[in-house]
Structure formats: structure tokens, C-alpha cells
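Take a look at this single chain, the form predicted on its own, given in C-alpha cells.
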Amino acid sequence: MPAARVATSVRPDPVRARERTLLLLATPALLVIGVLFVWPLLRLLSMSVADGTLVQFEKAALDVLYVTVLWESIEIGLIVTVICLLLAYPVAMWLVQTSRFGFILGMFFLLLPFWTSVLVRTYAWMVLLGRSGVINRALRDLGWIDAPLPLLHNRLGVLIGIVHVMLPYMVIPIYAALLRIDPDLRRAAEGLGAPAWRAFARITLPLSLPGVFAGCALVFVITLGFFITPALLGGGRVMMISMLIEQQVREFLDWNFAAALATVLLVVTLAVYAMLGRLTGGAGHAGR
């Protein structure tokens, strides 16, 4: 009996062996991430405090211009997130309930923008939204307007362009969450006399909240760093924090302050991501 116990004690743990194997396999990827992401991030942080003080952060926090631009970037991110959510949820529900041909067709049009660069799509919107663009010409030909609508070089044009880019990022997480919901739950609720809207409010919506929060986090975080779309569609009248960072480097060669602004943007992004992560965790536990 003691010999058996000794043999059992020295037997390798399969769980730890599996963990060591997985760590060994992940080592090349971790090294690549460390070289291409962690090191530049540390370099960015060191540049923001290169003079040994926090004067760059003080400038970013106290100057009205930079605070206003940061808040405007957050505001645009929130508006884009809400618009994408309102548009994406019905699309995701349709993708779940439609036929196989409808699903393939819907996913084709949903993923089609990914086959074109953001720059090309932004120029396409400039052609559509300009004072002599396709939309204004069509509205004038129909007699609905007398003067061109201001659709370009303002916040409206920026929102349209960003929503067009970010909509698939909202649809796919919500679709994945809806796909995991057992359709028998809704049928059971309707069979017990619940109207369709109540079945949606009490079953479908709560169980899909993890996908909603994941899509909102993804859309908001990516929107905060948008550069090409607001730079072109905004025409210099709509400023986002990424454009301000680029301006500090290109025009003023102030790398230290640009690094401080980028660090502020990173902190805000991580804070919002952490908050949405907590909400997602709460929604996941509620769904169980």
C-alpha cells in the first residue's frame, strides 16, 4: 500500500502538463505581442514623462481645448454606439430568424464593406454627401429641397461615415448572442399567453445583453481612435482626439505631449472597457 501511494504521488499531474504544453505553444505569440505592443506602449508612457514631471498631463487636463476635444470624441463615440445598437439589433434578429438564403445574402452585404478600405469608403461618402453629391441632386430633382442640405464637413457627415464602418461590429456580437438563445423559450412564453413584445422583453432581450454589451464596448472603443473618417468627412470642423494627437506630431513636433494625449486616450478607453466588462459580467450572471 505505501508503495502504491508513492507511485501515485510522483505521477505527473495531467492538468499541469497540459498547462505547460499550452504555455510553450503560446510563447511565440506572447513574444510577438511583447515586442510589437507592450514595448511601444512602455515607450509611449516613458515619452509622456520624459522631463521627469507630469506637466504634459497637466496641460492635457487643464487646457480647455484638449478637454473639449476629448469630450467631443467621447460624445461621438456614445452617439455612434447608440445608433449602431438601434440599427444592429433588428438586423441581428432578422439574421437569426430568416431562411438560409436570406442569412447568406444578409451576411454578404454585412461583410461586404470589409473588402474595401476605410479610405475608399470615406471618399465614397464624400461623393454621396457633398453639396453637389448624389443625395442632394436626387432630392433636388424630386423637388423635396430647394437648397443643398449640409451633409458634409459637419458632425452629421462624420456620424454617417463612422456608423457605416462600425455597424458590422455591433451586428455580429448581438447575432452570436441571439443564436445561443433556445427558441423554445419564446415559444413556451407565447404558448402560455404572453404577447410577442412581452416575450421579447422578458426572455430575448435579457439573454442577449452579453452580446449587446460586447458590441457596445467594441464599437465605442474603436470609434474613440477613429482618424481617417472624421478628418475627411469633418473637413477640419469636427476634431477628435486622434486627429489632435496627429497634429501635435506633424505640425508641432511635440512628441512628448502627443504621447501624453495618447496615454490619456488609452486610460479613458481602458476605463470604459472595464466598466462595460463589469456590466457584461453582470448581464452574463443574470442570464444564467
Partner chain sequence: MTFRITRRAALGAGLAAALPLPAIAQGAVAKPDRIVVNASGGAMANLFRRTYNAEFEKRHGIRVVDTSPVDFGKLRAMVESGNVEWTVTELGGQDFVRAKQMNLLEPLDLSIIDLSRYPAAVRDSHIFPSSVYSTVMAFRTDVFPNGTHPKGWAEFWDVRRFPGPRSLRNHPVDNLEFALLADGVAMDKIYPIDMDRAFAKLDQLRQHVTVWWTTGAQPAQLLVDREVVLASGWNGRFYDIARRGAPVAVEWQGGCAKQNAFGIPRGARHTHWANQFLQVMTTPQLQAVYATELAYPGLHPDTLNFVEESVKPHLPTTPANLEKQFWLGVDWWTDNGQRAQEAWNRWMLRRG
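Positions refer to the first chain, counted from 1. Model, not experiment: these values are computed from the prediction. What we label the rigid core is the largest C-alpha set whose atoms superpose within 1.5 Å from one form to the other.
Here the subject shifts to the form predicted in complex with its partner chain, a form of this protein not shown in this document.
The single contact residue among 131, 180, 202, 187, judged by any heavy atom lying within 4.5 Å of its partner chain in the predicted bound form, is 131.
Within this chain, residue 159 is remote from the site of its partner chain in the predicted bound form, having no heavy atom within 4.5 Å. Not displayed here, its partner chain is kept clear of residue 58 by more than 4.5 Å at the level of heavy atoms in the predicted bound form. At the 4.5 Å threshold, heavy atoms of residue 235 reach its partner chain in the predicted bound form. Though the partner is left out of this view, residue 65 does reach within 4.5 Å of its partner chain in the predicted bound form, counting heavy atoms only. Candidate site formed by 207, 267 and 275: none of these residues places a non-hydrogen atom within 4.5 angstroms of its partner chain in the predicted bound form. Residues from 218-253 that approach its partner chain in the predicted bound form with a non-hydrogen atom closer than or equal to 4.5 Å are 231, 232, 235, 236, 237, 239, 244, 247, 248, 249, 250, 251, 252, 253, in the order they occur in the chain. When the rigid core is held fixed, the Cα atom of residue 227 travels less than 2 angstroms between this form and the one not shown. Core-superposed comparison between this form and the one not shown: the C-alpha position of residue 67 differs by less than 2 Å.
Superposition of the core reveals a Cα shift of less than 2 Å for residue 55 between this form and the one not shown.
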